[in-house]
Each structure stands twice: as C-alpha cells, then as structure tokens.
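The chain below stands alone and is given as structure tokens, in the form predicted on its own.
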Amino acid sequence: MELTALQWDNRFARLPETFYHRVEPTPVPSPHLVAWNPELAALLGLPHDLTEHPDLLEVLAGNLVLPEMAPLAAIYAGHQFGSWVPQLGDGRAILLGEIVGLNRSRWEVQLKGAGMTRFSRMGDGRAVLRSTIREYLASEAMHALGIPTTRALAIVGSPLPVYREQTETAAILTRVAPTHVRFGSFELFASRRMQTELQQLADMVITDHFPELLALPAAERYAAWYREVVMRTADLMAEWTAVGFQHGVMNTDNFSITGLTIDYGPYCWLERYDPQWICNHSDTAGRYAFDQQPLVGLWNCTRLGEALHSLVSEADALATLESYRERFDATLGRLFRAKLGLTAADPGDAALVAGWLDLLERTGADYARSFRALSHWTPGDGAAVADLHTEISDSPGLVTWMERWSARLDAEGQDHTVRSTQMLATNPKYVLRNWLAQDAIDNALTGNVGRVDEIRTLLNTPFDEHPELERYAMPGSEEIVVSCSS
C-alpha cells in the first residue's frame, strides 16, 4: 500500500486560522518503532506491518509531512484544577489532518510530542517514552472495555534527550479520534466574546459528529446538542466509575465535546478499593479523587453551558444540567446490575451495590479481582467461594452479603451458569494496573520494546482467562502514584 493512496479530508483545517496555528512537526534523530497497533491501522487503511514502509515511520516520527496533510495546533482555553486559564492549546500535539478510513470512517491523526507550537509556552513540545507508553496502553485498554476514548496507533522513539524530573528520551505518540475538540475550545471563544467563531465551531461539530440534530430548527438544535454532550459526559463518568478508572486531571480542556476519554496522564485503575483515592500527586487538594469524578463532570458541563450562553438559553441549560444526576444514576445502576449479574431493576439494588462496595472498602479488597471472583460463583462451587474469601477478608460480612445477593438472583430465576458467563464477559480479569504499565516502561527503557505490544494485546481481550499471563491479573506490591508529567 502506498501512502499516497490514503484519502485525507482536513475539515478542521478549513476553519479560519483563528482556530489554530499552522505548524509542522520538528524532526527527531534516529527514529525507531516502539509500538504499532495493527488493528487500528486496518481501520485507517494503513499497512499491517511497517517493515516495508519506512516512509510511514518517518511520518509517525514527525520527520516527513505528506502533501495531503495540513498540520496545525489547535487553540483552546480551560479551567485547570478549578482555576481559569484564558489561553491554552496544543503545546506538544500537532494535528496532521483527517484520514477517511474503512467504511468511510473519519479519524483525526495527531502526533503527540512532535515539537513546539505557538501554544507550548515554556514547554519543549516533546513527550517522553514513559508517558507515551502509558497513554498508548491506557487508551487501547479503555477501548477494549467498550468505553469511548481516543485511540493510539503507534509510538516512535528517539534518542533525543528530554528533561522532565530527570533526563529521558523522546517519543512521539500517534493519537487518533473522530475529533479532538474539547470543552475548552468553546470556553476560549466565549471568554473573548467571539460569538461568530463560537457558533462556527458549534456548527462544524454538530454537522460532523451530531448530524441527526441538523433536522431540528436552529432555535432547538443547539440546546439539543448541549443536552447530548452533557448526557454523554454523564454516561462516561458512570462508565469510569463502574470499571474503577480514575482520570487524574479532569480539567475542562481535557474533556471531549463528543464524550471521549481524552488526555491520559496521571490515571489509574483502582486496585485496593478506596473511593477517596487520588492517583495524581500533583492534586494536593484531592479535587479529582475517584469519588469526586461524577461531580467534576457536572461542574465541567456547567462551565461549557456558560460558554454556550449565546446559543443555549439559561432555562434550557439548567434543565439539561438538572438531568445530569438522573442520567448518571441510571447508567451507573445499569452497569452495576450487569456487574452483579442482575437483569432487571429493583428498588433494593442501590443498597445491594452499596453493601458490596462497603465490604470492598472496609477490607481493602482489590476492585477488579473481587468482581471477577464473584463472577465465577455458582451454588455449590466451593472453589469459587474459597477464592472470594481469599479476596475479601471479612468472611462473616461476605457470607451475609452473598445471602442477600443470592436471594436477589433467585428472585430473577436466572440460570446460574448463564449468569456467571455473562458476568465474566462484564467484569474484566485484566485491567491496566499502574505496575503493569510500569513493567512495559521498564522493559522498553532496557530495549525490550516488544513488551508494550504484548501487554496491549492482552488488554485487547480483558475478559478472557489467559492462564499463561496470570501474573498480569495480580495487584502490585505497592500503590504507584504518578504526576502530571506522566
């Protein structure tokens, strides 16, 4: 396949230059491939194997720009840790353009760590191998769990030195998504009272990503669009909660206008269940603690509503925001029922879920392993019961809760074998524990870059047993807390 055969349609670049700064990537010396995602490559119409396509490696390194591309860095603003920052932007990410891929799907292709832009401020515009591996693995793990996310195509490394807490080597992550527009994109134009540009951006986003709303009159269209964004955000917060994912930096400039998980930095999947866990050691006030994420999602949606005040009436915005909690609760309830093998809603479900989570919190049980052990249980299965008691140290409390749960299952009349199978397809055995990401990083730093894609391949099927990789389902020996530089 020749790179010239790719079809590019750079819709964002057709906006006026008020929306971005045109800039080309800065080349790096001696690029080498660290990781390559062939499944995603197929969606984009790219080759399965890069060995016969050295030009593509140069593109992914930022060393070669094809004539069909329109490289740029987008401008936006945002609330960072609750404080208003009037101008941000792609300080180390450069959008190459938009590929029209398989089945006419459209993907923006962005190089993260490709060099300085006008928005780099005092930064160097680079990323390091450590952080690119973490985002590469996290976004693909999230995708395999069925949660909306940006995706990762490749990592290219280089011996170019980059200083963070210490001197590290450079790496470039190829990130793709239907769009990288975020809440902060609208906040910037609203703060500058650039209503024409704000509406122009809204119209582009609706046309490209919410086309079903185009049939509505303009007076209704923007309110309906805002409601859809808020509902998608509520769903996303519920999905994070159900899988035990903590983002770490939930600034408004890190929230996608289409409801994707975006900008992986100091994230974690919970191991020991602690709803107040803070995975980012830069978050000294605990603003983005695990149990605060749903409220922060609502706070961010409120800031977006304020930015859209010229398009969405206050009454419509407030009505939408008042629906956020109901939507979040409904989605989370559905997800937890599935995790517990329940098929129909019941007034006692909230108490049943709360009792289970309280049991995990009091005993410091591992979140993913406890749900997985519960999934294996069927009446009379002594081994499954023993595994549950291994995970949860409060045996009397566990027995009492399981009696309530078992009675609830019996009331539904489910076949326990079928129910167990469904739970095993809902509760992952493998999640991207921080120690697992660190294992991939440590191996890559010593030259074993193959470990990165080995772990990605495992996380592509997180619900399968993979007995030969059982060690990857184990908790770490210690909690790893990361920083914004991660």
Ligand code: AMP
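Since the structure is predicted, the reported quantities are computational estimates derived from the model, not experimental observations. Position 1 is the first residue in the sequence shown; the rest follow in order.
As for the form predicted together with the named molecule, it is not shown, yet the points below apply to it.
None of 82-90, 289-297, 95-103, 389-397 except one has non-hydrogen atoms within 4.5 angstroms of the named molecule in the predicted complex; the exception is 82-90.
Among Q246, T179, T149, N254, the residue placing a heavy atom within 4.5 Å of the named molecule in the predicted complex is N254. Only one of the listed residues (S406, S120, Q200, T302) places a non-hydrogen atom within 4.5 angstroms of the named molecule in the predicted complex, and that residue is S120.
In the predicted complex, the named molecule lies within 4.5 Å of some heavy atom of D124. Using a 4.5 angstroms limit between non-hydrogen atoms, F186 is distant from the named molecule in the predicted complex.
Although the partner is absent here, W356 lies well away from the named molecule in the predicted complex, with no heavy atom inside 4.5 Å. In the predicted complex, D263 approaches the named molecule with a heavy atom inside 4.5 Å.
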